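Below, in structure tokens: the form predicted on its own, a single chain.
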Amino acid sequence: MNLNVLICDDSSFARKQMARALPPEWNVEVHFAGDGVEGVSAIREGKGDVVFLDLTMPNLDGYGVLETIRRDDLPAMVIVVSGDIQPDAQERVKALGAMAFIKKPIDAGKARDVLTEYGILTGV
């Protein structure tokens, strides 16, 4: 069974860049969301086993998505990918349940390292 990966970012450029940074041999189905409301909906539909989440988005920001995931006990492993590298932002997302925080722009090596570190990328 393939994992469903959700890339949730309001920038289409950032979504495409993130998709290109995923390991090419990783057997996943990639889904996209343009804001937090679409992201939560996709997670509820089972399209977000692993979520790459931006923080600054319209309608519902990344913090709101993390709060919803936690409150509703939604099954998603979240990796925040953001240009906001303030230590307090990193601490806040970890407190809300994010597994990792990656600074934008993400590259393939960093994506691979984080996925491997958390046991998400195995046997490929």
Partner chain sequence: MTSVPAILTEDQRDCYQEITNVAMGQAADSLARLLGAYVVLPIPRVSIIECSELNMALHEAGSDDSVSAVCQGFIGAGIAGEALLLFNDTSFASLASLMKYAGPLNHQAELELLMDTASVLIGACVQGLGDQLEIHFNQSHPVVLGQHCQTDDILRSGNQAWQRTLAIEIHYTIEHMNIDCELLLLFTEESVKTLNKKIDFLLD
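Remember, it's a predicted structure, so these values are computed and weren't measured experimentally. Numbering follows the first chain given and starts at 1.
This next part talks about the form predicted in complex with its partner chain, which is not shown.
- Interface residue among 45, 29, 88, 72, judged by heavy atoms within 4.5 Å of its partner chain in the predicted bound form: 88.
- Stretch-level contact analysis of 37-45, 94-102, 72-80, 54-62 against its partner chain in the predicted bound form, using heavy atoms and a 4.5 Å limit, identifies 54-62.
- Taking non-hydrogen atoms only, residue 12 approaches its partner chain to within 4.5 angstroms in the predicted bound form.
- None of the heavy atoms of residue 67 is located within 4.5 Å of its partner chain in the predicted bound form.
- Contact annotation for residue 84: at least one heavy atom lies within 4.5 Å of its partner chain in the predicted bound form.
- The single residue of 18-50 lying near its partner chain in the predicted bound form is 20, the criterion being any heavy atom within 4.5 Å.
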